[in-house]
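So this first bit is one chain, no partners, the form predicted on its own, shown in structure tokens.
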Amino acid sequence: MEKFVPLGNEALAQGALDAGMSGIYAYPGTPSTEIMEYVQRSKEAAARGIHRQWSANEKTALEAALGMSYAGKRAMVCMKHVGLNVAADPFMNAAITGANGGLIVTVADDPSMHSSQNEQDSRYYGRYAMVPILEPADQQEAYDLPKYAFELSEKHAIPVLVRLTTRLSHSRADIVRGEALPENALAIPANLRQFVLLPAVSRRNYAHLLEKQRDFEREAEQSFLTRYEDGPDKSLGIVACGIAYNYLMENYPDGCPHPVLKIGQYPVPTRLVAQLVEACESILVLEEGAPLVEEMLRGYPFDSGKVRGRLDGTLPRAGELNPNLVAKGLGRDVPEPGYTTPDILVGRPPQLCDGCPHGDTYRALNEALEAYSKGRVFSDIGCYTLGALPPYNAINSCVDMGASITMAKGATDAGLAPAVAVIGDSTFSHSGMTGLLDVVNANAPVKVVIVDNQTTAMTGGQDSPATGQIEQIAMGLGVPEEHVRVITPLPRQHEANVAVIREELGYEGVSVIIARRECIETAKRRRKSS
């Protein structure tokens, strides 16, 4: 046995390695990124030849993991919550194909939107797909979970969704490792039509999925992640999901006086819920994210006025939970913080790094656009989204990965021409290429500015799948070679860069302008390591 102090993400990654995982697939996205990075740094993973290369996007990652499962091996795919939107097509259909080798879909949600466009709760996806959902409460459970999840997946031939949240992903605690398991042998499915989703097969597989739901609920009742803890004070019963259980226990270090149902596996164990409801006068639901369990309890066959939580204002509807918010929900006194913030400390908005190439690109773009009306620059997900803030005030949208190009096309369809799309090199390979094909097919007057800093910078400098290939990709999609332009975003190149952008703005068809200079942070790291 070995003890160490990992992040929640790292505990899950080591647990998957020790559970016989043969491959991990992912696209970087906070707060999930460290899961893949831990495996990439692992000497053990390297010695075993475990697949651990970043994928182009979450959809391709999940499909590749499903392929490894088809071949009988244990695979895990990792992403942040909005990444599951990208992977929703294979995720929903994988519930119908089922799994062969164990398949874990790990999603890290970001309540309070520390680094995200929204704070959606991935448990709804799992419920929609009707697959088992596992939600660890602490780092030890995160480590222990993969072995159980792979076994559950193989026992019921079903993908398993693992849901983490930011605080668990990015906090540390000491854990104890268990014995490592060997990897599965290669073994294709006994039923060679299991993964062939023709209607006749899909209908049969779907019927099997429906039949498994009671089994999944029984598994949830018996899971090591689920626990009913009785208490003497029946005036209140508490449902605590995932990390919310820790917040509850921080308020009761000597033990909670109320009955508590700790839920770490779904479908919701209704028998245990009924036991709690019948024993207690009122129910408080503590869950990180959306009020999924609370909504279910309000539809339960009893007086729904007994149920308190996020929906009635007992807890905030949005944002993360914490021990103090839980204390207020319990009606306990919350101590004032033992510190004050000095007046000299002023909040500073996020900004581009000093020397970042994107700043030089925005300065050139702003000057080139002076002859046009404002509000025609669409942007995307990445460091360059900070171009919306002073001193640049250069972009007018940021919705989802790849939306800059397609929104710019829609704006030109409406008559706003020319329109500019600003997109990063990694985001372009993730989901921008298909949008560019639409622009090419319409010969729309969209000017696609690809800010190529040769890395996936926002999540820490992972490799960008399109590095060294962007010009060829653009021309392969049909952009005329003479309108695929490369500029170097440096102050001394400013006038030349403005001239190139102005020239392409005047062209009535599609242009791609590649602003290429290495990320200042990866350049620093490269120089230090050389």
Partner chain sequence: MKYDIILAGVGGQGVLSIAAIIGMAAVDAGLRMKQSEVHGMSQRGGEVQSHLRIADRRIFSDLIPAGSADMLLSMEPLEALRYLPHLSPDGVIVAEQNPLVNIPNYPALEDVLVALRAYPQATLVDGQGIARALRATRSSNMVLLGAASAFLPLPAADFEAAISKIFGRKGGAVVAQNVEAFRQGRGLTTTAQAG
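Basically, rigid core = biggest C-alpha set you can superpose within 1.5 Å across the two forms. Positions refer to the first chain, counted from 1. The shown structure was predicted, so the numbers you read here are calculated from the model rather than taken from an experiment.
The following text describes the form predicted together with the partner chain, which does not appear among the structures shown.
Residue heavy atoms within 4.5 Å of the partner chain in the predicted complex occur in exactly one stretch of 239-247, 214-222, 143-151, 177-185, and that stretch is 239-247. Contact with the partner chain in the predicted complex holds for none of G375, Q469 and V484, as no heavy atom of theirs lies within 4.5 Å. Taking A173, L416, A95, L197 one by one, only a single residue has any non-hydrogen atom within 4.5 Å of the partner chain in the predicted complex, and it is A173. Though the partner chain is absent from this view, in the predicted complex it lies within 4.5 Å of a heavy atom of just one residue from D400, D138, D438, E367, which is D138. Although the partner is absent here, L321 is a contact residue: one of its heavy atoms lies within 4.5 angstroms of the partner chain in the predicted complex. For the chain shown alone, K528 is a contact residue for the partner chain in the predicted complex, at least one non-hydrogen atom being within 4.5 angstroms. In the predicted complex, at least one heavy atom of L386 sits within 4.5 Å of a heavy atom of the partner chain.
A residue is said to contact a partner when one of its heavy atoms sits within 4.5 Å of a partner heavy atom; A457 meets this definition for the partner chain in the predicted complex. Taking the partner chain as positioned in the predicted complex, the residues of 27-63 that bring a heavy atom within 4.5 Å of it are, in sequence order, T30, E34. Core-superposed comparison between this form and the one not shown: the C-alpha position of A190 differs by less than 2 Å.
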